[in-house]
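Single chain ahead, by itself, as C-alpha cells, in the form predicted on its own.
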Amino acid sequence: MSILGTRVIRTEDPRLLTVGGVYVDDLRAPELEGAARLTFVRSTMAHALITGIDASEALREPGVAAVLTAGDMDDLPPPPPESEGGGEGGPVPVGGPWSEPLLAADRVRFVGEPIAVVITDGGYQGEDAAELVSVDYEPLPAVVGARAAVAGESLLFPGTSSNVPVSRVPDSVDDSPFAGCDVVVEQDIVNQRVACLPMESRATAAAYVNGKLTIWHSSQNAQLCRLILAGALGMAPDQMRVIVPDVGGGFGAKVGIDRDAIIVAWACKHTGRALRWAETRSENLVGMTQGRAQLHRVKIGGNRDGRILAYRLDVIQDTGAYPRTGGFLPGLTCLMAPGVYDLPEVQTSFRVAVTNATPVHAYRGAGRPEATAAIERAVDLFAAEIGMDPAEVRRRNFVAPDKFPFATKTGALYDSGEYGAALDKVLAAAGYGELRAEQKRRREHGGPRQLGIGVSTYVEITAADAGAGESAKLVVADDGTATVYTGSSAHGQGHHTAWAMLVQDELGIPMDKVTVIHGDTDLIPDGVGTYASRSLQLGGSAVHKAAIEVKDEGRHQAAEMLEAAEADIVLDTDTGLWQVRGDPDTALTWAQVAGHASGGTLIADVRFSADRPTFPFGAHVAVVEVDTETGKVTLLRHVTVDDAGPVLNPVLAEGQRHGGIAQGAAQALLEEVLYDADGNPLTSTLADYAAITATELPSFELVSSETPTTLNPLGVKGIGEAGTIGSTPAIQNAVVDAVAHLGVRHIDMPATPERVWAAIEEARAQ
C-alpha cells in the first residue's frame, strides 16, 4: 500500500518541540567561538544628503574594534553593467542612476538604510556604540507613496527625469472594447504595503574555516546565496561555503541573500574576524524588504446577463527606495490579471515608482495575490452594479473545463482546472443559501451587527521558473539507510517528511531510515531552492526521479547476486525486499544489494525540470460580522477549496493552507506599513504594526479537491501560497458585502474599524 496521500506526522517536529531548532544566532560552531558582533548604523532620515560621518566617539568606547563605512569598501569589485532581475519590464541599470550602494555614502533614501557598521568584541556593546556614530544630514524632500512618486515633484535619483525606472504602458488607451458594454465600472484599489514579519528576523554569521569563507545565513536557498556573494565580493564560488541552518520563516523575503548580509560577509573578509549579526525586531520592520504596495485602477465592463466582456488593470508598484525587482512583481500581477475568467479582452499596464520607503520584494505570492485581489474586487463591483449574485457572475465567466490547456489574453498557459466545481464545493460547504437568508433576516431586523459573505475564486502560477528545475541526490548505503541531498531548502514546509515519504513509496526503505540534507553548498553545490511554491513539483519530482534510478540500479545488482534476469527481479515496497518473481526465499535487503555495488552504495544524482509552470486554483468563502456602530469586523468563518493536484501528505498541505489563509486575512483586516509625510515609519515596532494572532481568527474549514497536472510525474502543483491568494479578496468582499445595503460601494484594505466606520458614515451622509 502506498504511503502517499496518508496523514504522516512531520518527522521534523519532535526535535523542534523538544530541544528546539538551531537558528543562525543559536550556532555554537567552534569557528564562531569568540566571534565579534556587527551592528548597523542606520539612517534616521528618509531622504537626505550625508555631509559627514564621525565615528571618533564610538571608537573610544570599550570593546569597539572598528567602524566601517562605504569608504572602506575599496576592495570590492565594480558592479556589473546591469541587473538580471528587471523582470518583464526590462532590466534596471545597477551601475547607472538607479544604483543601490551596500552602505550609503552620499545620500540616504529610506529610514533604516545602512550607513556604517560597528564591530564590537561583546554582544551588547554594538547598539550603544552605533548611537555614538554621528551622521550629519542635509534634509531633502521626502517622496511618500506611489502617487507622489509618479507626480515627480521631487526626484530620488540625480540624473533621472522621473521616479519611474521601469514601465510597460501602451502608447494609447483602447476604450473600444468597453463601448459595447451595458455596464462599465471603474475603481481605484489600494493593495497596501505589508511587512513580511518572519518569527526569526534576519541573521548572518561569517568566519574563515579551513581557508574558505563560510557563511551561515537564514535563507531560502544556499546556492543562490553563494552565487550572489561570489559576484559581490569578487570571489570564486568554490572559495566560499554557505550553510542554511533552521530558518524561522521566509515568506519570499529570504530568497537568496540581502545586502545587509553581504556586508557581514564583506566585513569578515575585510577584517579577517569571525562575525555575527542578528537584527532586532525594530530593525526588521524598517530594514527587511516588504511586500505588496501596489495601486490598482480597474475598469470592468459587460452585459446585464452577467457576461464580462472587457477588463483593464493599471498598476503602480511602489518599489521603495531602490528598484530591486524591476518589473518582476507588477509583471506577474499583469500576467495573472484575468484570473479564472475567460475574458474576450484584457488590457494591462504598469509603472514602477521609487519612494522614500523600505524596498519592496517578493512576499508570499509575489504579484499573484495582487492580481487576484484586483479582479475579484472588480467582479464584485460589476455584480453589484447589475444586481446579480457575485457567485453567479463568477460561474458565468469561468474558463470551461474542456478548454484546458487554456491560453489567456495576457500570455499565461493554464495547465488544468475545474473552476466551477471548486466554487460549487465551497458554496455547498459554507451553506451559501442559508448564509444569504441569515443576512437578509439581519438586514430586515436592522440591528447593528450585520453579516457579510465574501466570495473569491483564484488561479495562480507556481514554479514559474520550471525550466530551472531542481537537483536531488539519493544514496543508499550498505547498512540499508538512505540519504537524500536536495536543492530545495526547507524552512517549515515539511520537506524532510515529504522526501522521506517519496523514498519509502518508491523503494520500500522505511522513513525512519531516510535522512534528508539541504542547505549546504559543500554537500549540495547545485541547487535552486524554495520559493514560488516550487518545491514538491520540482524538488519532489527530482527525489522521485532519483529513487527510480536507484531502483533500476538496485534491480541490476540484485539480478547479478541472484543470477537471474533483471526482468524477473521485483521489489516488494511493503517490505523493502528484492526477490526473484514468485520466489520469496530469494529475498535480499537493500543493505545486501547496496553492499554488492561498487563502493558499497547505490547513488543517483539527478535534476528534474518541467516544461512550463503549473496553475493551482481554488475558491474561498469568508463570513464576517460588522458592527455598524463601531466599524469592528469579526471573521466568523472561512471556508476554502485549494486545489494543487494530488496531496502527498494532508498534514503538510493543510499546514500550508492554514498559514496562507492567516496571512491573507491579516492583510485584509489589520496589517499595514505606514509612513508620515516626512517618510518616517509609523509601524516600526510590534506595538504599532498590527500583526494578526490566533485570537482574531476562526478555525478554517478546508474542503479537499485534487485536479492533477501532466507537467510532472507526481501530478502536483504548488500549495504554499494558495491560501494567501484566495483569502484576502474573499474577506475584503465580505466586509463590503456586510455594509453594502447601507450604500457602501468599496472599502480599501485593511478593513480596520476606523476605515469601515468612516465608509459607513460617508455613505449615510450621501
Partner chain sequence: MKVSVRVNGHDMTADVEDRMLLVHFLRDVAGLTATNVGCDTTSCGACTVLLDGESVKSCTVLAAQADGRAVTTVEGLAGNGEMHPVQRAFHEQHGLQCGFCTPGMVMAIVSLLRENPHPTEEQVRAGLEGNLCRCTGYHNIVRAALAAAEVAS
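No experiment lies behind these values; they were computed from the predicted model shown. Residue numbers count along the first chain shown, from 1.
Keep in mind that the form predicted in complex with its partner chain is not shown, yet the notes after this line are about it.
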{"property": "Interface membership of T693, its partner chain in the predicted bound form, 4.5 Å heavy atom rule", "result": "yes"}
{"property": "E754: touches its partner chain in the predicted bound form, heavy atom cutoff 4.5 angstroms", "result": "no"}
{"property": "L742, heavy atom within 4.5 angstroms of its partner chain in the predicted bound form", "result": "no"}
{"property": "Distance check, A236 to its partner chain in the predicted bound form, heavy atom within 4.5 Å", "result": "no"}
{"property": "Every residue of L17, D128 and H658 near its partner chain in the predicted bound form, heavy atom within 4.5 Å", "result": "yes"}
{"property": "Stretch in contact in the predicted bound form with its partner chain, which is absent here, among 243-251, 571-579, 584-592, 105-113 (heavy atoms within 4.5 Å)", "result": "243-251"}
{"property": "Single option in T280, T601, S99, S134 placed near its partner chain in the predicted bound form, where near means a heavy atom within 4.5 Å", "result": "T280"}
{"property": "In the predicted bound form, residues of 200-222 near its partner chain [heavy atom within 4.5 Å]", "result": "E200"}
